[in-house]
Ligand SMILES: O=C(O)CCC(=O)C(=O)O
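Below you'll find only one chain, the form predicted on its own, shown as structure tokens.
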């Protein structure tokens, strides 16, 4: 029988907390809510910039409980090309600091892994608990540090409206260890907050039993030598890529990582030169 000794509370700190304390808390619990990380005006600007895409996003009404992605949810990816404000959030100092601390020792440069806008609607079921790193089964669980994930609250997150479910401490568990109901916590945070979790932490979207849609932006970061879950090379057209800040060009993977990623494409050479000059 499994011991019910894991922590069930998600720690919360303010954005003005010391970076050492932020990462120490995140590394210990495997997850962390940071409040007041994004001005509400920027949350509303993201909504406006993505409105046309979100309005036409397909919503599955007849949900298949066996499907990994629950129905009653709007999803839009490729956010680098769709939102100038999200581009700035990707480069947020806090995310850069925490990703470097978590991943920097295992790679020459960190890269952007996934971008997605997620709006969970009333009646959506909870998602099966999983790890961001499950796409890399070559490493035994618990795996080395591969991914850092973040969810930015564009609207308030509550237990009732589908706030992300996490299992604090599960990043240290072996593959055979399953979460007990009292070990699963719901991320409750006001708009403008950000939830971070390690790639080995069990998590999933929560069930929305409210009458309102819950809106968040997920941005994840990975080791620069891993295959990105979202194909940034296809999702960012060359005409958009060349307009990005050099640090974002590099973060999306358009510069070489050691001997990986050489190309004859002129745009790749331009990006490499811009990154070297920055």
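Since the structure is predicted, the reported quantities are computational estimates derived from the model, not experimental observations. Positions refer to the first chain, counted from 1.
Another form exists, predicted in complex with the ligand; not displayed. Remarks below refer to it.
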| query | finding |
| --- | --- |
| One residue of 80, 154, 118, 124 in contact with the ligand, assessed in the predicted complex (non-hydrogen atom, 4.5 angstroms) | 118 |
| 99, 164, 170, 208 - the one with a heavy atom within 4.5 Å of the ligand in the predicted complex | 164 |
| Which of 140-148, 80-88, 125-133, 176-184 lines the interface with the ligand in the predicted complex (heavy atom within 4.5 Å) | 125-133 |
| Residue 71: touches the ligand in the predicted complex, heavy atom cutoff 4.5 angstroms | no |
| Proximity of residue 92 to the ligand in the predicted complex, heavy atoms at 4.5 Å | no |
| Non-hydrogen atom contact residue 113 with the ligand in the predicted complex at 4.5 angstroms | no |
| Residue 109: touches the ligand in the predicted complex, heavy atom cutoff 4.5 angstroms | no |
| Members of 74-105 lying within 4.5 angstroms of the ligand, judged by heavy atom, in the predicted complex | 75 |
